[in-house]
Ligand code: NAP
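To begin, one chain is listed below as structure tokens, in the form predicted alone.
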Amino acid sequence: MPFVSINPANEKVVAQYPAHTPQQVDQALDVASRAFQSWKATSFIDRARVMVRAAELLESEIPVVGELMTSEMGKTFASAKGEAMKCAMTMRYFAEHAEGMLQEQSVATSGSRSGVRFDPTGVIFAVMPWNFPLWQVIRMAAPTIMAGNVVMFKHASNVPGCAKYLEDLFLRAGFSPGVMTNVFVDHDRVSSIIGDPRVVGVTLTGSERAGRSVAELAGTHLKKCVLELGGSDPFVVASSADMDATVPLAVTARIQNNGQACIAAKRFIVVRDRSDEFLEKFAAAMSAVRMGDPMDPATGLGPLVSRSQRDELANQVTSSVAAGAVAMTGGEVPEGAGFFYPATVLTNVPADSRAGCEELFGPVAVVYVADDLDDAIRVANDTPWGLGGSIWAKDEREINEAIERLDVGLVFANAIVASMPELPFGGTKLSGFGRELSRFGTREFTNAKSFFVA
């Protein structure tokens, strides 16, 4: 069955790609396994050389690959170009810093020499999502490959062009075949790949359901697993917040990537003494967001990735309103072609409604009013997810309290939560386990090998 990409802005077929046969996947695993043997012996200088070359190629093709991303999953062209630039920057970062992150560490013992070294482990299989079709792969692959591993990835079925582009990018940059391999396979083939003895580790970015399935398979085969799952990130507005600066960024935090980001702010928790001001300004700003053609520079909000994704979000909103929630703006599916949904603000959301207990993967903001900062942090933590969170305040005490008490993997103050190569990325609770990026992510799929010389 072919992999088909459909433009979510006009519902037209972009391209089709044939699925790989079991024999082709087996051959790809053989090539990757052999590639690892030579790649792990490659010097950091030579690894960095081809990684930088890949970054240079990507930088030279940003408009082309940006349009590809927009056509396959609907993000605005400006956002797509930004994603490509971030990928190139991250590839350069790990080309420069991976050697230091993996440097052998001396440990004082009774021996004459002892310590820890970080050795690559082999073929890492990655199951990747559609919402950041280049970044999610590069975020995992750049540090993992620089550590001496090789990567085989199964991308989301609706962004096959991006998957093929990534594999070709690494080949054109001079990486040996097998260091970065895309396989067009359906979900029912994932279990056999994870179980293959040539695969030593598994990583997934995706839904909680997919995470449970992959974790179970990895556990069955006793393989290292990293999971980056969903989130319902709190955006906490404290008493000392600068509202003129906070509100515009609140809008961006919710509609970034058309609202389809695990680390997008989804629950806006504002203290009571600032709630009226925030609600009035936030609802007005969300209602002013321009929705339309994602290739148009004036567009702030493009379509959702698919009809099913749009229908799911619309059902979540409709059922929540029926349960008592109030839509201050948005909340209705527009007429016409494309999988569009407007920027929406919900208040008075019942805790047991769909908007009150499910992740909303689209441009819908849920606003809660808390008594004070202590209550706001309680509400922020009252969720099964723990990916990221932000605190908006000028008072250092309020900032420090949020950083200390928010039960998440990332806390940003007066800034939108983002992944960056310098800091570890990952969550708590049902948002997964393990880390990507930084030295922590670079070491995830290495063997921390102790050595002792008497």
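Keep in mind the model is a prediction, meaning the values are calculated, not measured. Note that residue numbering begins at 1 and tracks the sequence as displayed.
Separately, the form predicted in complex with the named molecule exists; it is not shown, and the next lines address it.
Highlighted residues Phe77, Ala142 and Pro421: none comes within 4.5 Å of the named molecule in the model of the complex, counting any heavy atom. Gly230 is the sole member of Gly178, Gly230, Pro133, Gly148 with a non-hydrogen atom within 4.5 Å of the named molecule in the model of the complex.
Note on the partner interface in the model of the complex: the residue among Gln316, Ser157, Thr329, Ser306 having a heavy atom within 4.5 angstroms of the named molecule is Ser157. Heavy atoms within 4.5 Å of the named molecule in the model of the complex map, among the stretches 97 to 105, 339 to 347, 133 to 141, 169 to 177, onto 133 to 141 alone. The shortest heavy atom separation between Ala265 and the named molecule in the model of the complex exceeds 4.5 Å. A residue is said to contact a partner when one of its heavy atoms sits within 4.5 Å of a partner heavy atom; Thr299 fails this definition for the named molecule in the model of the complex, lying far away. In the model of the complex, the named molecule lies farther than 4.5 Å from every heavy atom of Glu72.
At the 4.5 Å threshold, heavy atoms of Leu387 reach the named molecule in the model of the complex.
Using a 4.5 Å cut-off on any heavy atom, the residues of 206 to 241 that reach the named molecule in the model of the complex are, in sequence order, Gly206, Ser207, Arg209, Ala210, Ser213, Val214, Glu228, Leu229, Gly230, Gly231.
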